[in-house]
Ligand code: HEC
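This document starts with one chain, in the form predicted on its own, laid out as structure tokens.
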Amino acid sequence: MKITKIGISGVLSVLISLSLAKAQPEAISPEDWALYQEGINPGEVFAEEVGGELFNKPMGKANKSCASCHNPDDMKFVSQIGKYPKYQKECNKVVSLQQRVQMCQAKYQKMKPFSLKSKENVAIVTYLKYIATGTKIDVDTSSNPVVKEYYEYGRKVFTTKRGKRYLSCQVCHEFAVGRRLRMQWLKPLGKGTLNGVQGTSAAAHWPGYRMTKSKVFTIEQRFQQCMKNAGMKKLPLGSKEMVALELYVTSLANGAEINAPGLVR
């Protein structure tokens, strides 16, 4: 079982989370407390024990598993994971990795796909990102008109102010970089530096395990949480707007190594 120990930065995150948990004990489950004390990322346990099991489980009328077609030890397959969101010729649009799983379930496993918000879909995608750890993010942003459209649309979603607080992703992660919001330093989501602050390459560690929620979330679910906090109407998971935003934010981390699931506050 490949359970990675948390490094120095992870230890600091855990210490911070534990201090927060004292104020909000209901946010941390007893099981997670035990894992934190052992220096284990609960998200990795979820990836292996839930996602890995589903990856290898025959399902649908075809009685096939993901492993029937894909070998997690095949680097040619694993290296493709960092290319999502990715253009799919068969539907002439850009799809997220979550949607690609749904497409495979419908086409090859002959089953009703797990919904994007389901534990099962999140688990499979978390497992895929987990086995891709160490490979690089390499999303396409310009190879054809559809990809260009999604990329530009994603940038528009990122920069457009809306909601009762009239905020955008850009306000927090570009304009306000280096400032604090709810005790958290605001940082850029890309690979480089902005205003002297090193970017987080955010897309490289999602799906991520949120310690104050005791649960793994995908990057699109994290977008929704930010939208809710900003007083915006949440964009639907899998919508063109959400996939375009995911493509744009992921492109900011192009070249960064995947290290998922992340361990975040």
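All residue numbers refer to positions in the sequence shown, first residue = 1. Here the structure is a predicted model, which is why all the values come from computation and not from measurement.
Separately, the form predicted in complex with the named molecule exists; it is not shown, and the next lines address it.
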request  = Find the only residue in 116, 167, 147, 177 having a heavy atom within 4.5 Å of the named molecule in the predicted complex.
outcome  = 167
key: Partner-contacting position among 97, 139, 123, 131 - heavy atom within 4.5 Å of the named molecule in the predicted complex   = 97
ask   = Within 4.5 Å of the named molecule in the predicted complex: all of 69, 222 and 232, by heavy atom?
value = yes
query = Taking heavy atoms and a 4.5 Å cut-off, does residue 34 contact the named molecule in the predicted complex?
reply = no
task = Verify the contact flag for residue 184: yes if a non-hydrogen atom of it lies within 4.5 Å of a non-hydrogen atom of the named molecule in the predicted complex, no if not.
result = yes
query = Is there a non-hydrogen atom of residue 216 within 4.5 angstroms of a non-hydrogen atom of the named molecule in the predicted complex?
reply = no
ask   = Using 4.5 Å between non-hydrogen atoms, is residue 135 touching the named molecule in the predicted complex?
value = no
request  = Let me know which residues along 99 to 131 have a heavy atom within 4.5 Å of the named molecule in the predicted complex, or say none if there are none.
outcome  = 100, 101, 104, 105, 107, 108, 109, 124, 128
